[in-house]
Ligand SMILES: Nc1ncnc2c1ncn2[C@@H]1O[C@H](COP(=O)(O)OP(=O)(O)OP(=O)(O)O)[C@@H](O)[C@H]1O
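Shown below, as C-alpha cells, is a lone chain in the form predicted alone; questions about how it binds or moves come after it.
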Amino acid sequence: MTPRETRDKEASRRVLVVDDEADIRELLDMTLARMGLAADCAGTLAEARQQLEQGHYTLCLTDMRLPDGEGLDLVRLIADRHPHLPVAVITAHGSLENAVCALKAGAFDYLSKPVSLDQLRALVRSAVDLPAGGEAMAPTKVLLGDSAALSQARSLIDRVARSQAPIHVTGESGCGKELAARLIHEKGTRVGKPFVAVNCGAIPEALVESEFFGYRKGAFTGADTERDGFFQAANGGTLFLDEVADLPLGMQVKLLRVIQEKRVRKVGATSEEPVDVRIVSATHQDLKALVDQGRFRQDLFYRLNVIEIRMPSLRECREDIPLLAKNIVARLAGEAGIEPPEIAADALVAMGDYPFPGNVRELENCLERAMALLSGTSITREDLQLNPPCHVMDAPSPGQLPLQEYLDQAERQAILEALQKTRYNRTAAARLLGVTFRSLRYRMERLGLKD
C-alpha cells in the first residue's frame, strides 16, 4: 500500500466524538486511537454540525445532553443528511427512555455512562464493519413475493438491518417471522456472526434462566461442568427470541436487565460478564394486550418493541401464491434429486381460494405431501387435498351421551377451541387452558387429536 493509499484509508476511518466533557472526549479519543481510528472531537452541537459539513466519518459518538441542544437533534440531522453514517448515543446511567428514543430516531446503538470500554470497542467494531453506501453482502435467505404487503415488510427489513435497535416481529404462525429475523441478521453488521434462534415457549420454566445465561459447575444438582447459555452462544451476533410472550414474568425481569446492562451472570456465578448481542423478538400474540392483562412487563415491551415489523398473512398476499408454490416445489425437488413437477392450473386456482390458516408453513406442508403422493407428472387440485378448515362441533347437552363420552367430547371441544384461538400453537393453547404442555399433549393423544 502506497503512503497516499494509507492516508486515504485513515481518512476514511475517522470517528466524530461529540461530548461537552473534556475527559470523556479524551478517553474516547485514546480508545479509538488504540483501535487504529482517528477522532475529531466537538464539544457542542454547533461544532458537530460544522465538522459533519467539512469531513467524512465512519461513525459518530454523541452525548445525549449538549450545551446548545440535545443529542437527539444530531441523530435526526445525521439520519436526514448522512443516512449511511452510523451514530451511537451516550446516555446517563439508567436513562432507558432516552436510549429507546434515540434508537427510534435512527441511532445505531447506545452506551450508558460510565462508559464500559469493552462495550465501546464492541460497538465500534460493529459500526466500522458497516458496508459503505448501505450495501450489504447478498443474503442467503430471500423473502419472495411482489405483493404490496410483502414489499412493505421487505423494505422495512432493509432499513432496520443496519441499526442495532431491538426489533419485534409480529404476525400469525407460519408467516415467516424467523425468516425476517434471519434477513435482518444477514443484511446487517453481524452477518457471519452467530444467529441463535430460541423458542421461548418450549423451555421448561425451571430451566429458563440456566438455558439463557448458562451456569457454573456445581451451581445445582446435575451441573457437572460449566456451560454457556444462549446469550454467550450468540455473542457478537443476533439472538432471536421466538414466542417471547411465553417467557415467565420472573425471567422477563432478568431479560430486561441483560438488555439494558449488556451483561449476564451465569447461574451460580458471583460476577457478570459482558455480552454483545442484538435482540430480535417475535410472537403471534398481541403483546400490548398481554401488558394490559398483566401477563407481560410493560418496561420489557417498550424495550423489545423499539421497531416493529409486521409479517403479512398468506391471505393478504394471494397474488404471491403461484411464485411461492413454484419456488417451494423446485426446492423440494432439488432436495430429493428429482425434476420439479409442474403445478396444474386447477391446483393454482385451488390454492388461491384456500384461506391457509397456517400460512406459508401450511402451503409448504401441503406441497410436500402432494409431491410425496404424486402419481402423475403434475400437481393437480386432487393431489393438494385442500379440505376446508375444520370447525368445532356443537357441544352435546348433558344426558345425550354416557358421562365419559360427554366429558371427552367437551374436553375435545375445549382443546380445539384453544388451538384455533392460538393458531395451533400448543404451548400457548396449554397456557390458555390452564394446563401444562405435557398434560395437553397427553390429553390430545388420549382423545385422538393429531398435530
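In case it trips you up, residue 1 is the first one in the sequence shown, and so on. Predicted model, so just to flag it, every value in this text is computed and none were measured.
In what follows, reference is made to the form predicted in complex with this ligand, a form of this protein that is not presented.
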Considering non-hydrogen atoms and a 4.5 Å limit, which listed residue (L324, A370, M351, L300) is close to this ligand in the model of the complex? L324
Checked V360, C366, V191, I309 for heavy atoms within 4.5 Å of this ligand in the model of the complex; positive is V360
Of 171-179, 371-379, 209-217, 71-79, which is the one stretch near this ligand in the model of the complex, taking non-hydrogen atoms within 4.5 angstroms as near? 171-179
Decide whether L150 counts as a contact residue for this ligand in the model of the complex under a heavy atom distance cut-off of 4.5 Å. yes
I'd like to know whether E186 contacts this ligand in the model of the complex, with contact meaning heavy atoms within 4.5 angstroms. no
This ligand contact in the model of the complex: A289, any heavy atom under 4.5 Å: no
Taking this ligand as it sits in the model of the complex, is V142 in contact with it (heavy atom to heavy atom, 4.5 Å or less)? yes
Shown form as baseline, in the model of the complex, CA G268-S116 shift of 3 Å or more puts them farther
Any idea whether G229 and Q119 get closer or farther by CA distance in the model of the complex, knowing it moves 3 angstroms or more? closer
